[in-house]
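In the form predicted alone, a lone chain appears below as structure tokens.
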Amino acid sequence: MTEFIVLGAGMAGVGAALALQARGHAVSLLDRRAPGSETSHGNAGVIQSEAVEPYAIPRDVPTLLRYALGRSNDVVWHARDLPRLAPALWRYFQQSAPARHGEISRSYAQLIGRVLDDHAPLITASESEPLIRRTGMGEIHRSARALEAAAREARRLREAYGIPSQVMDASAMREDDPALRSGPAGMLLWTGSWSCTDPGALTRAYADLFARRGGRVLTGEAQSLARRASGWQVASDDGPVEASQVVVALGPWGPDLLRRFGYRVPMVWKRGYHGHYDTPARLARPYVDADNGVVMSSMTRGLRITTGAELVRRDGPAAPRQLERGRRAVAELVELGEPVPDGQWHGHRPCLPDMLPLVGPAPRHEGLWFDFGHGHQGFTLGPTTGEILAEAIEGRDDALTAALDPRRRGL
């Protein structure tokens, strides 16, 4: 039995803690806040089994011009922050070249291909079935031309990866989900994806399962991590905690900690916002409003609208213009009531330029392991990368672990 400290109690950290625990290790899970209180709380709540190709920077000039001129709600940016973000964005753009993106996607698809199998036993064991919908995710398109393009892309993904989908015209869409208003041309339904009515609650349920199985959940400051003769030590509210092995699963805060140990991890922080609104009817599933860059989903607190990416430094002021644009657009699709008090939030998606999470041993420190950089898919991938990390610790060495290995990523 080896002792581990997992730093970070989001879905990635909880997933890693459970996977290590299942293999007989003694594990402590530490965060400054309760499990599932940061980005794992604020996302759209979709376990995206269709997301086999990571989000790349578009290469076509019209799309880039829309981004540059602020005419798209998918991405917004601020001139004041570009100098700080430019090096990582440039690397991200290079990695988005079609040939390189295709290579990355072959690894990424292997991760996505097992996410339902990795979440399913945890959902059952944590008694979280009431939180889960197995009704897919809809992608609404307002024009016939856009719907046809989406259908072509869905056929490509079906042929390449076996991803199931269904195209519905406007009447079929309304019959399937009466809470939707008429107007759009139709939707593409990704039939295999699952969703959750409270992603923070699901993360906490997994953490409670870890605790019931004998794990320790601690409050403390991950940035206090220090080397000791016996391994590693971190400060918790219950006093110092020591272990021979430590896993950094801190999402957007991972680079801050690792800079003290000589690692320079390039990261693009994509800020996202959500807001909750009263609605008279619940939706059957989450929907992407493809023309307006938001996801809407019925949650325990009301209808959650989640935005796309704001390219910004993490300490930049909140500027929820994407959320306001999204609210106006969503009001055309569903009956939308007043905002829920204290229902607005923002956080940062930890995106690495090569679009793959860092999972594996640190290049220059014995007993230090990485499990972060999941981009838009931390909620989806947390249990899966936890399993792969535990397998790598046990000696797994193949093409997938090599692709995720921090020692091969130029750190």
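As the structure is a computational prediction, the values presented were derived from the model and not from experiment. So that there is no doubt, residue numbering starts at 1 and follows the sequence shown.
The protein also exists as the form predicted in complex with a small molecule; that form is not presented, and the subsequent description refers to it.
Visitor: I have Gly138, Ile140 and Gly275 flagged as a candidate spot, so tell me whether each of them has a non-hydrogen atom within 4.5 Å of the small molecule in the predicted bound form.
Guide: No, because Gly138, Ile140 and Gly275 lack any heavy atom that approaches the small molecule to within 4.5 Å in the predicted bound form.
Visitor: Can you pick out, from Ala222, Leu188, Ala207, Val294, the residue that has a heavy atom within 4.5 Å of the small molecule in the predicted bound form?
Guide: If I apply the 4.5 Å criterion carefully, the residue I get is Ala222.
Visitor: Scan Trp232, Tyr92, Trp253, Tyr263 and let me know which has any heavy atom within 4.5 Å of the small molecule in the predicted bound form.
Guide: So the residue touching the small molecule in the predicted bound form, by this definition, is Trp253.
Visitor: Determine which one of 123-131, 155-163, 299-307, 77-85 lies within 4.5 Å of the small molecule in the predicted bound form, judging by heavy atom distances; exactly one does.
Guide: That would be stretch 299-307.
Visitor: Could you confirm whether Ala17 comes within 4.5 Å of the small molecule in the predicted bound form, counting heavy atoms only?
Guide: Outside the cut-off, so no.
Visitor: Does Gly375 make contact with the small molecule in the predicted bound form, using a 4.5 Å heavy atom cut-off?
Guide: Yes, Gly375 lies within 4.5 Å of the small molecule in the predicted bound form.
Visitor: With the cut-off set at 4.5 Å between non-hydrogen atoms, does Pro383 touch the small molecule in the predicted bound form?
Guide: Contact check for Pro383: no, nothing within 4.5 Å of the small molecule in the predicted bound form.
Visitor: Is Asp31 close enough to the small molecule in the predicted bound form to count, meaning some heavy atom within 4.5 Å?
Guide: Asp31: contacts the small molecule in the predicted bound form.
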